[in-house]
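Listed next as structure tokens is one chain, alone, in the form predicted on its own.
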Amino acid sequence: MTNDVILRSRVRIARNIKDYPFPPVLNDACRKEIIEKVTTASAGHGYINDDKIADAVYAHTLSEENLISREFAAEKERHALLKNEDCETYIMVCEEDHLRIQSFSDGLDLAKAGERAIECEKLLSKKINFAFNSDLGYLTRCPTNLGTAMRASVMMFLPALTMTHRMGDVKTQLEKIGMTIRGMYGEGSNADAYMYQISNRLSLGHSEQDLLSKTAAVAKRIAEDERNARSAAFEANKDVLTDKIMRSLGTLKYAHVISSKEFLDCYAYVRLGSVLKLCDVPCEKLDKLLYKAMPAHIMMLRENAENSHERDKMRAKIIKEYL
């Protein structure tokens, strides 16, 4: 079982179409042409155009689940989102690059996510001429994505390594081997609820399989370190940690008003309690609740939830009913 530490695997492939400038300087006509090319290339293969992406609140629910980037959710210029019928693979059109293909799998399964993303890219490449250089590989807006333009990442829950102040060492070690660690929502975000994204930093000079295998191996090592740190922390502070976990569970079950920050703090401790067998709320249930209690998700349920106090009341109600 890996979901005690690793929630989800994601593989992202960036591509740009030959003879078009990068998105920041694309005019509306070019954006429309690119969207039409991608839509045509994917037609008949189970991909649908998600028209709801024009709704800002809906778009942010997807970004809260890391299915699309926060930048894409906030995009004001013409853009499009295509997804397959199983909602396992998403194509962001006109994000930082012309295309960002993202595929997901539960737990540590980068091989499956990678297979889906590569299959999607091959499908599109049959009808779209992607920008490519024999020395640099696939051309991308950001130089760090040159080469295969693949980013293999895992979402990891690392409370014990964080509490014992070891994340600085983890970051240093990852940088030495060409990996990077970021917060819950990627670059520039915080590690809310002790959630981190671990991924390769560069793709130039590395094959897709190398990136997938290396990231999986690193994730396994970090997961083992986290499990060892949990056991040691619990043995050293059993009463204090148990009390914190049970108080957090009580807050989630009985609070009448709860902010996003307080919810994330409590969620993290209760999830830790779940993996330590101190409470009977499964991780899978908590992880679904993680998204249900996010601001945009709440706003989709209730019209007047634009007011933060109303959201906090609604969040408490959702949590109470769910648990």
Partner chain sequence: MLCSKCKTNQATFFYTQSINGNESSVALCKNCAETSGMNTVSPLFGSFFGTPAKSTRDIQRQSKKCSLCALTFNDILSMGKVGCPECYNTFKEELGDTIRSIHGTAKHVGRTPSGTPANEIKQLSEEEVLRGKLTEAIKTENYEEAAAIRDKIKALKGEN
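If you're wondering where the values come from, they're calculated on a predicted model, not measured in any experiment. Positions refer to the first chain, counted from 1.
One more form of this protein, predicted together with the partner chain, exists but is not displayed; see below.
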Can you pick the one in K127, H206, R166, K214 that has a heavy atom within 4.5 Å of the partner chain in the predicted complex? H206
Considering only heavy atoms, tell me if G147 and the partner chain come within 4.5 Å of each other in the predicted complex. yes
R15, heavy atom within 4.5 angstroms of the partner chain in the predicted complex: yes
Considering non-hydrogen atoms and a 4.5 Å limit, does the partner chain approach D192 in the predicted complex? no
Does at least one non-hydrogen atom of G183 fall within 4.5 angstroms of the partner chain in the predicted complex? no
Only one of 22-30, 262-270, 62-70, 290-298 sits within 4.5 Å of the partner chain in the predicted complex by heavy atom distance, namely 22-30
Select from 109-125 the residues with a non-hydrogen atom within 4.5 Å of the partner chain in the predicted complex and write them out in sequence order. E115, I118, E121, K122
